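Take a look at this one chain, the form predicted on its own, written out in structure tokens.
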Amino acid sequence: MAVRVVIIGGSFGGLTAACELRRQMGPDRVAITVIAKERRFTFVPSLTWVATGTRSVEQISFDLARPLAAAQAALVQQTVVGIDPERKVVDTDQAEHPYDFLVVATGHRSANEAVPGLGPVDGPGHSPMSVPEAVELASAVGALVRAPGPVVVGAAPGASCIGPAYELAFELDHLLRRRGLRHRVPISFVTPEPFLGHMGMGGAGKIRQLLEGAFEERDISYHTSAAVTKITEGVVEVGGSGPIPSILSIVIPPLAGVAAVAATPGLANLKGFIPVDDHYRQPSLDGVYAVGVAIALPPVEETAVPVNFPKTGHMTEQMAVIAARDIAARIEGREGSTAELSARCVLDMGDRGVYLAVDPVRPPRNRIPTVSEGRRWLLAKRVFERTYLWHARRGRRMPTSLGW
């Protein structure tokens, strides 16, 4: 009888884990089931481009059926409502799914409630962390172009995905300059980071100096070690800095674990994130793995305002490969290998890009980080997006990984 592997989530972690596990073992040995609430894969790094109107959702997403069929994995579009590690069963709103190995790749829940006024439910603030939010933000950006006014972009205390905030600040600056409106739109950047470019990993090479220079060159004011406390129709309240006028407020929220994970006894910590070892196994539950944003990773250091450790799509894929290979190794009675996480990403600065490579992500590092700026990197980011999607639609991994 084939070993049953259930994977919860169909984004970077879930899709990569399914495809990599199939490469390791045929369907006669492993039966793979992917449970996904949404059957469409979305290239999340491009949500900032959706928000600024240069991409549609359709251009950056595809149906999971084709790549999972190529991996000979079953796709189940259901909502997970609970996990029973003792019985080794995943409960959904429609059925029970027994497993021998479980990979939790659920991603996150945006804790927008941590900042009063951060919408879409209870206020005017915006976030680009999901497809509906990015689409809503695109409408707000359109309104800004029609009726210019001050803008605040940044991240809330405890945020871990700060890169999109930088991208949106630069992209809005570039958009407004092209339309001849920049002189009517003051842009302020507010971040819990102790300095620009910290990004939850303690900074990297000369990224701090590059970002400080870029903000000053573009007349983007910035506030570091700043805590966004409230968003209203005309103001963003910032602890220590006072109110900042804003008719468009974009704030990256802190993240939390999804409800089904957080509610499972013994699975996650108080914030709903899952502790894992170097193989991405949950140490106290047999056969349970977790990858991507769902896992618990401690911050690199204590800061005046909390900043959490980053988790990118590139890092998630590395975790998923290690977990899939470890499952295959355990089925064969072996121990899988482990590796430190590295990060490679390209930051869109509107008219150019910045390539950043760190190895490992958590300092101290084996190599001096690579930081390179230029128009070629923005072109590379666009090419990578399209090439990645072409491969992913077919259930293939990129032959090389530029990162994001």
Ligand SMILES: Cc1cc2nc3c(=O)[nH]c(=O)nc-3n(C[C@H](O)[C@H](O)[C@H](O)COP(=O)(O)OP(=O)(O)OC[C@H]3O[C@@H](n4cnc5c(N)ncnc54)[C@H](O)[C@@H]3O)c2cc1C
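These numbers come from a predicted model, not from an experiment. We number the residues from 1 along the sequence you see.
FYI, the form predicted together with this ligand isn't displayed, but the following is about it.
Contact check for Leu75, Ile83 and Gly395: none of the three has a heavy atom within 4.5 Å of this ligand in the predicted bound form. This chain appears without its partner; in the predicted bound form, the one residue of Ala260, Val276, Leu175, Ala71 with a heavy atom within 4.5 Å of this ligand is Ala260. Interface residue among Ile60, Ala357, Ile35, Val354 relative to this ligand in the predicted bound form, by the heavy atom within 4.5 Å criterion: Ile35. For the chain shown alone, Thr312 is a contact residue for this ligand in the predicted bound form, at least one non-hydrogen atom being within 4.5 angstroms. Though the partner is left out of this view, His108 does reach within 4.5 Å of this ligand in the predicted bound form, counting heavy atoms only. A residue is said to contact a partner when one of its heavy atoms sits within 4.5 Å of a partner heavy atom; Thr79 meets this definition for this ligand in the predicted bound form.
Among residues of the shown chain, Ile207 is not one whose heavy atoms approach this ligand to within 4.5 Å in the predicted bound form. In plain terms, the part of the chain that comes close to this ligand in the predicted bound form, with a heavy atom within 4.5 Å, is 284-292 out of 219-227, 197-205, 299-307, 284-292. Although this ligand is not shown here, in the predicted bound form the stretch 1-26 places heavy atoms of Ile8, Gly9, Gly10, Ser11, Phe12, Gly13, Gly14 within 4.5 Å of it, in sequence order.
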